[in-house]
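Just one chain follows, in the form predicted on its own, and it is written as structure tokens.
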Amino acid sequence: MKEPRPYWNAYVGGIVLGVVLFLSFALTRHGLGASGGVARAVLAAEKVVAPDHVNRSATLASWAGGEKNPLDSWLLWGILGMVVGGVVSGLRGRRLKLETYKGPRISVPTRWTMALLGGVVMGFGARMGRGCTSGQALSGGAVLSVGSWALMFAIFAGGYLLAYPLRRFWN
């Protein structure tokens, strides 16, 4: 297999991301975000299993009550685009492979458990904070939303607080 191509310069990547965010606002009147799409996919499964619960909840019914289809959302196209874009990027950069990044003193199952636990906590926080890091930090931060900036400071503070006790998993 050929050598992987070098990563993009971080500044170039940031500029491209900013242009994509601007175009997202200009063309769709929405920013970027993913947690709402994941929530809608979960809600579609919930509607199959417990439709009465969906119809009784004011919040869930607004997305999927009655004849409403929770999958009829631009958010799902965004998630699909991220997955397809990631695969295409991995193929073009010659980096598409299954691997687990981990420290030398942690097993692969423990790494996956930690990743799953972290993902669940971040997913819960995303729903409580009314948006994931892409929706809050990028889209909300771009329009100077105070709540988005507060969320990002809280995420960074949490990361710094957890870095010291969890460093043994990486060293």
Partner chain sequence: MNALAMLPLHLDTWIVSLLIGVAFGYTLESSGFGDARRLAAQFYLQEMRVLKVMFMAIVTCMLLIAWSSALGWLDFEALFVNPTYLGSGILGGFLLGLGFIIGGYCPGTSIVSMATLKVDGAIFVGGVGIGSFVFGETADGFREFYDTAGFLGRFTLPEWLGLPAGVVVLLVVLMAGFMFWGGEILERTFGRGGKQEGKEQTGARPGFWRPAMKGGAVAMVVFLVLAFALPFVGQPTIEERVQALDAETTPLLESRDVQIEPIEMLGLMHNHVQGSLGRFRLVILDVRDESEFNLFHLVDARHVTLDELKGDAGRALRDQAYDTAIFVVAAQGEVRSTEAWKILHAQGVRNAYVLAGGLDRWLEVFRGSDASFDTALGDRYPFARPTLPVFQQMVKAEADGDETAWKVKPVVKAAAPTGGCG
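Positions refer to the first chain, counted from 1. Treat the numbers as computed from the prediction; the structure is a model and nothing was measured.
One more form of this protein exists, namely the form predicted in complex with its partner chain; it is left out here, but the text below deals with it.
Leu71 falls outside the set of residues with a heavy atom inside 4.5 Å of its partner chain in the model of the complex. Contact between His30 and its partner chain in the model of the complex is found at the 4.5 Å heavy atom cutoff. When its partner chain is considered in the model of the complex, Gly65 lies well away from it, no heavy atom lying within 4.5 Å. When its partner chain is considered in the model of the complex, Val38 lines it closely, a heavy atom lying within 4.5 Å. Shown without its partner, the chain has Arg111, Trp112, Met114, Ala115, Leu116, Leu117, Gly118, Gly119, Val120, Val121, Met122, Gly123, Phe124, Gly125, Ala126, Arg127, Met128, Gly129, Arg130, Gly131, Cys132, Thr133, Ser134, Gly135, Gln136, Ala137, Leu138, Ser139, Gly140, Gly141, Ala142, Val143 in segment 106-143 as residues with a non-hydrogen atom within 4.5 angstroms of its partner chain in the model of the complex.
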